[in-house]
Ligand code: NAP
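One chain is shown next in structure tokens, namely the form predicted on its own.
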Amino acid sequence: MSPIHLAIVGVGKIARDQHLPSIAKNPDFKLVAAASRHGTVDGIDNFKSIDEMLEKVPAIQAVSLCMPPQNRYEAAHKALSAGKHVFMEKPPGATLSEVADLEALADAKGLSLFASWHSRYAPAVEAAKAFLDSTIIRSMKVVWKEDVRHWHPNQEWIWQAGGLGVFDPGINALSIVTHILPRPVFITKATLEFPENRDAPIAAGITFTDAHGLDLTAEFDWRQTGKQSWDIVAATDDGEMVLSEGGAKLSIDGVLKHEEPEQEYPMLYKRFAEIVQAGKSDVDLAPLRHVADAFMLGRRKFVDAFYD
């Protein structure tokens, strides 16, 4: 089959670090254009807006959206309305309702919509899922703590309403948890810590359960310096499972069972090509729904102001 003519919207850090290298290595795609207010990509046509790009490059078949979630709905709607398949960087939108509307539009037009969750494609995630499917889970604890100054330097959008704050990385953990657990979970309580000068939280503590009373807690924090923590620990009838380093390694009772090189974004583009070729969508909103529930149920606690 001929490669899918792809355009990218939003040429920022995530696009340069992950999307562009993954697209370049995937023969199913040919990058033909980019739209960004500030960034450009060498060797292709570049535009300041998605409107101009869609008008001047009719050969585009699919669009990958890498801008902040607050602005993603408008761009996705324009791309779908123009008959283009759409890949959405996580989180897929600022609200559940807008993503549901995009899913309905894609379905009505016979187009593929992909809500991508890159952490689900971490090397040891499927092995963890298989292990949990084979045993009884007694409890689970998620610890996702990192240094926002390192990962999001001077990115003001993450602190604005709709930017999710600490849930920007926290939703990665939720995307893994909702994939590897055999049953759905729901939030029972949450505490969200907001810097007094910001509109999004810097930390969160959340308690979940399921229909069988699972004990599940999550700790998200953006103030951790030094070694970063991206761990999911489960007590089971067959030992303690530790899914560490963001899903890269799986250990059972301290014995390493699975480790491979990270290939998250290449796997995302492999999946996007599959759904485009199959004429279907992949839109799982469970991780975003948990974030929305945390904001709905969460008790707000104001903490010291945060400055980059």
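On a predicted model such as this, the values are computed, not experimentally measured, just so you know. We number the residues from 1 along the sequence you see.
Missing here is the form predicted together with this ligand; even so, the following discussion is about that form.
By the 4.5 Å heavy atom rule, the three marked residues 13, 69 and 265 all count as contacting this ligand in the predicted complex. When contacts are judged by a 4.5 Å heavy atom cut-off, residue 157 counts as touching this ligand in the predicted complex. Residue contact with this ligand in the predicted complex: residue 168 places a heavy atom within 4.5 Å of it. Residue 91 belongs to the set of residues with a heavy atom inside 4.5 Å of this ligand in the predicted complex. Though the partner is left out of this view, residue 281 does not reach within 4.5 Å of this ligand in the predicted complex, counting heavy atoms only. Heavy atoms within 4.5 Å of this ligand in the predicted complex are found in one stretch of 249-257, 270-278, 55-63, 32-40, which is 32-40. With the partner removed from view, the residue among 129, 198, 223, 118 that has a non-hydrogen atom within 4.5 Å of this ligand in the predicted complex turns out to be 118.
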